[in-house]
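This document opens with one chain alone, in structure tokens, the form predicted alone.
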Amino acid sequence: MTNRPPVDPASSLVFRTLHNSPDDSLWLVDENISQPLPAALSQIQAITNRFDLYQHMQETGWMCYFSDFDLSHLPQRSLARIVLRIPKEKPLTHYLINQAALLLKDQGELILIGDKSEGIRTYSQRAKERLGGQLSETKMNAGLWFANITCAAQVSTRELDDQRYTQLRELSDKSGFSFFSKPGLYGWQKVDQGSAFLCDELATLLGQPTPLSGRILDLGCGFGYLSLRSASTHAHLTCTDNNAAALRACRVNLDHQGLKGEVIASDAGNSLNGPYDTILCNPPFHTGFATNSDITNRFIAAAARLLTDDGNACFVVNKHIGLEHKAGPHFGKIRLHADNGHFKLIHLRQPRH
């Protein structure tokens, strides 16, 4: 019997709220929702920016859509209730509150659920100002709060600052490297220093010049930085991520640089078949507000499954993550290539399929 992790109190409260929600309700689902998910409710639509959650919801019968919270298909003033467990990122939370002001009926309800340490009380006040209705707050236990904000017939025209959430914009790092990114991506305004470390060392790590040709997989691609720095225009490139915003930005970046790779939604590579000659990976170790030690294991297992017998998997991880030990059951050769005091570069070979 599999031991499932306990559902966190905020997610439990979301699930109870959904069961008591009226017809024409919408559930906005991001990475802060824990599993297992509740049974499908026919009167509720769900939209998520996470492909793993989308897959689970499809399997359990939810009417669910996968996108970077594109709500443009919903008629304005059509929803009786929107339920949101507040996201980690402020621009996304502000964007979804702004959308609620457009989509809720007169006296429709925005339900916000989250911990005081996550800023829910501030968000609740801002939602009240934006929606123009009444705010009712309930402290559930410890720091957990439940907020119900009604939508007035005339909402405020002053939008919350969502940093133009829907818009990709061109940015550049200190070296002049330019890329397209947007809110909704982890560290969206900068180049991840671990990824930069891997790209700088890649030729030495592999003992061959870059940019690389052959079949390349960018596993957990984000906006595509590893591919942009490492793949040649002749490479057979595949980029994959769990996050809808990442997939959107990666596609634009590849097109801008003239790379013809595929950009595919997957949960740690679960929808890919391979095989690949080279796998590049900077695996995440956070899920929403929480760290998740299981994620690294899943990316290692995926790399072993998808790599050719004589291929190379190149990982960069925080120095505190014991990837060398975790990779033991999956690879015959494991080598620490470099450690700069912040990040480690690990070279994996001979996958145990």
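From a predicted model like this one, the values you see are computed outputs, not experimental measurements. One rule holds for the numbers: they count along the sequence shown, beginning at 1.
One more form of this protein exists, namely the form predicted in complex with a small molecule; it is left out here, but the text below deals with it.
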Item to check | Which of 250-258, 191-199, 80-88, 153-161 sits within 4.5 Å of the small molecule in the model of the complex, heavy atom basis | outcome: 191-199
Next on the checklist: in the model of the complex, does every one of 11, 30 and 114 come within 4.5 Å of the small molecule, counting any heavy atom?
Outcome noted: no
Item to check | Listed residue (145, 276, 95, 225) with a non-hydrogen atom within 4.5 angstroms of the small molecule in the model of the complex | outcome: 225
Checklist entry - Which one of 149, 100, 231, 221 is close to the small molecule in the model of the complex, taking close to mean a heavy atom within 4.5 Å? => result 221
Next on the checklist: So, residue 295 and the small molecule: in the model of the complex, are they within 4.5 Å at any heavy atom pair?
Outcome noted: yes
Next on the checklist: Under a 4.5 Å heavy atom criterion, is residue 268 part of the interface with the small molecule in the model of the complex?
Outcome noted: yes
Checklist entry - If you check in the model of the complex, is residue 282 within 4.5 Å of the small molecule, heavy atoms only? => result yes
Item to check | Non-hydrogen atom contact residue 177 with the small molecule in the model of the complex at 4.5 angstroms | outcome: no
